[in-house]
Structure formats: structure tokens, C-alpha cells
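Only one chain is shown below, in C-alpha cells, and it's the form predicted on its own.
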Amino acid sequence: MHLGNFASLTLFLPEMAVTATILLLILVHVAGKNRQSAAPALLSLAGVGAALLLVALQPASPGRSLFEGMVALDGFAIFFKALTALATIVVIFMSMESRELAGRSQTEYYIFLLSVLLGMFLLAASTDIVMLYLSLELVSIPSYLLAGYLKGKESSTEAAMKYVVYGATASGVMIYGFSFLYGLTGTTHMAEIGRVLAAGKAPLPVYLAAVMVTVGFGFKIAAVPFHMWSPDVYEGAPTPITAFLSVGPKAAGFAVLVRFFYTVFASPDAVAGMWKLHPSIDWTLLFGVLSAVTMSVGNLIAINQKNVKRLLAYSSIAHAGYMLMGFVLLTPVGLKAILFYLVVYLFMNLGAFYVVILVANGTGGEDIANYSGLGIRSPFAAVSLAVFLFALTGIPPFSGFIGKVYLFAEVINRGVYWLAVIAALNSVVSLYYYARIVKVMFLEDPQETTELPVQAFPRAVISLLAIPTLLLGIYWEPVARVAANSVRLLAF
């Protein structure tokens, strides 16, 4: 059911809340004199918190489209809106503690951050390729500005430049692929494109379109070979933005990747309870190989990294490879595994980056050597980081283990054994470089003897991230149920 523009406004309240907050921040920036005030951060927290509450109150039902079919209001979109809003709230807390951002305009920073959030809301719900492209650009352009926000710092400027060049290239290739699809089908609505393609044998331009669109989505999730921007951008950007890029836009990228490919190049089969490929377009093998290569490249290159932010960047690439395993299976269980993994990844990855911020504040460095003896200098930070790193590895009883169990189990159940073997070997490799940081923290003598105390506020935030990382490894059923229902409302 397509709702008109005015009727859609009452169901568009989360996006309107974020938009209103951005406008208020602009007024604060124009009228305010104190550029270092905490007011922009608090206003941003209030706006994103209100948007998250409105998302939770939204009615989810399959088949409801807003603004004449431009965006969808279903459980799948609601799940990703809640996930990205939660990630943004955590990143705002991280930004308030980051010394990198001290002395810089706070209002502009939060305007860009919330603009990315608005783009992610729209991207997760886009059902028209025009809206999809506009949403993707709304995510990308403020991200470029945030990556280079440390003006005067060479690595930040380099990060922004590389991000812009790679992003513009990927965007141009993707929209060229969209033009092929529009030329072949005469429509920009994804469901209509899918119905036209399902009716006959796919001509060559459809294959070209699929590959070109993959370039754009692959860039957004940092999948190999579209990952080249990621390490330099992650290292040069402010650490809160690095954490944000590793979770928020990546989650939105997976949301639009699933919605696009499962709508345009596949069809739901309610009888079989899974999706079936359109004639002559078997993209699952391509993404299966992409998954294996992505996780392997990410893990193998991470071994030699000395900078923790850069190491976590390659780790993020590897985790994108793990999540792609669920994408190629064409089953609701596979998609449920991706959604569940994104939830646990949010807590464990943001938690790791939060500790990186605190250590950088105290030591002035981000190299692994700066973590020497951290177990003595700051036991709370060291233990917390160890918890997050072991969760990222996938060791029980942490939440990352359950996330990988869901992915591995469905891959094995569908008979894709070669991919499961590669993923298992990569998990072993990842243990080496994660454990190396733990070894430095607890088994090496500190370079300095001064303590690195963790204040009450960051201690509370880290605890709020560590508790789900532990709890979801023991009791995960409610989150798994929400993920399953979100996928069910996507098509079945």
C-alpha cells in the first residue's frame, strides 16, 4: 500500500525529529558565541534519543510504503533505524570524552554527525533507486567532512581526500549501473524492476548493472577490493568518527545491500520459505567469493599492524566478510544471522574504540606499544578492552561467539562447506592479532608508571557496552527473536 506525501508524514516522525535537531543545531551555531559549549552534544543526544523512541513506537507491517513508494516502513527498516540511532548515541558520548575534538567547533561536528544519521535512516528504508542514491550521498558527503574534521592534521586531511576520491568513484560507477536498470525496465522502483527482470532472461546489461551496483555497496561496507580507503580513513579520522564509520554506515550499507539484491535480483518464495534467484543471474557465488576474500585480506593484513586504529580497521573489513556469509544464502535465517551479528558487533566494536580514546587521551598515542602494562596503569580499561577483543574474536562466552554460531550454522546447513572452513580458519588468524594486544597489556612492563584513571562517566558508558557483550553470549534469545521478526516483515 503506497501512502501519499501528507499521509506519510505521520509515519515519518523519527526522520523529522533528526531533521528538527539539525535545524536547531544550525541556529545554535549561528547565534551561539561559545564554540566549546556542551549544549550541542546534549541537544544532539536529546534529538537522537527522541528519534530512537519514535522508532520503537513505529508500527511495523509488510507492504507499507511512504511517499508514493519511495521508502518502506517495515520491520527491516525499523531494526536498522534503531541500530544506527543507538550507535550514534554511543558515538556522541565518545565524542564528549575525546581530546582530539577539543578546541574545535562542536556544533558543526554534531550537524554533520546527525546528517549522516538522517541519511542512514533513509538508506535503510529506500525502495526506489533515486531515493537510494540520494540517501547514500547524504550518508557519504557529511562523512567526508567528519573524516577530515581535524583541520591542520596531515593524516586527517589525507583521510578525507582518499575518502572523497574513492567515494566519488564508487558512487559514479553505481549510478551508471542504476541507469542500465532504468533503461531496461523503464522504472526506478526496485520491486517493479525485480518483476520485469524476473519475467525474462537477463541480457548482458543486467550483469553489468549488478557488478556496478556492487561497487557502490561494496565501498560502503568496506568489502575487498573496495576497501582501500578504509585503513587510511580509520587511522586519520577522529577516533569517535572511526568508531562511527565502522558500525553505522556499515550497518546501513548491509541494509540497502540486502533490500536491493533480494528485491531486484531475487524473489521471495513463501512456499519454500526462502528467496529464489531470477533466471540467469546467479550472484550468490560472486558474493561468496567476495566474502571469503574480504575476511582473509582483512585478517591477514591486520597481523602486521602496529597502530590500534588501523588494526581495528582491517578487523572491520574482516567482519564485513563474515556478515556477507549470511547474505549469500537466500534464507531468512541467513539474514537473521547478519542482523544479530550487527547488534553484537555494535557493542563490542564501539566498546573497543571507546577504550582506544581513553588510552590515547592518557598516553597521547595509538600504537600497540602505548598499551604496555595497561593492566597495571588502568586495570578497568585493560580488562574492558580484553573483553571486547575476545568478543570480536568469537570466543565463548562472549556475544561474538553466538553471532558467529548463527552465521556458521546456516552456512553449514545450506551446504556451503568451503566458505565455513575459510571463515573458521580466519577466526583462528584473528585470535593472534587480538591476543597480541592483550599480551602487551597484561604481560609487558609499562613504559610509564603513572596511572591512567578512568573517570565515572566513561566508566559507566564502557560498562553499558561491556554488559551486553557478556550478556548476549549467555542469553541472546530476545535479540535473535527481534532479528527474525525484522527479516520476516521484509518479505514473508
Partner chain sequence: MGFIDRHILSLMTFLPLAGAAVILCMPKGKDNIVKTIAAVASFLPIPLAVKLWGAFDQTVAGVNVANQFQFVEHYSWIPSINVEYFMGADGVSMPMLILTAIVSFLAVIGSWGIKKQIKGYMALFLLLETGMMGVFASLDFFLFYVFWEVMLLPMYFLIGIWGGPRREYAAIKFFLYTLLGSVLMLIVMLALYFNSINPETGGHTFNMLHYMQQSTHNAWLKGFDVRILLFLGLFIGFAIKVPLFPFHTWLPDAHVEAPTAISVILAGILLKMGTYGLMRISFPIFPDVTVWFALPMAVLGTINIVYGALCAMAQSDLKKMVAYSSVSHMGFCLLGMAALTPAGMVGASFQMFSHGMITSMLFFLVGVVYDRAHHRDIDGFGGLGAVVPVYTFFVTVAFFASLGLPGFSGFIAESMVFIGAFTAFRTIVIIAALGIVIVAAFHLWALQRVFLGPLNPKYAQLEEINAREIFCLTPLALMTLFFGVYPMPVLNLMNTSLIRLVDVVKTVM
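Numbering follows the first chain given and starts at 1. Only a predicted model underlies this, so the values are computations on that prediction, with no experimental measurement involved. The term rigid core refers to the maximal set of C-alpha atoms that superpose within 1.5 Å between the two forms.
What comes next is about the form predicted in complex with the partner chain, which does not appear here.
Although the partner is absent here, S427 is a contact residue: one of its heavy atoms lies within 4.5 angstroms of the partner chain in the model of the complex. For Y432, a non-hydrogen atom is located within 4.5 Å of the partner chain in the model of the complex, even though that partner is not displayed.
Contact check for E68: every heavy atom lies farther than 4.5 Å from the partner chain in the model of the complex.
Remark: D445 counts among the residues lining the partner chain in the model of the complex, judged by a heavy atom distance of 4.5 Å or less.
The single contact residue among L134, I303, I412, M161, judged by any heavy atom lying within 4.5 Å of the partner chain in the model of the complex, is I412. Checked against the partner chain in the model of the complex, the candidates F265, F408, Y109, Y341 yield a single residue with a heavy atom inside 4.5 Å, and that residue is F408. Screening 87 to 95, 214 to 222, 393 to 401, 118 to 126 for residues having heavy atoms within 4.5 Å of the partner chain in the model of the complex returns a single hit, 393 to 401. After superposing the rigid core, the C-alpha of Q455 moves by less than 2 Å between the shown form and the other one. The Cα shift for G49 between the shown form and the other one, taken after rigid core superposition, is smaller than 2 angstroms. Relative to the superposed core, P446 undergoes a Cα shift of 2 Å or more between the shown form and the other one.
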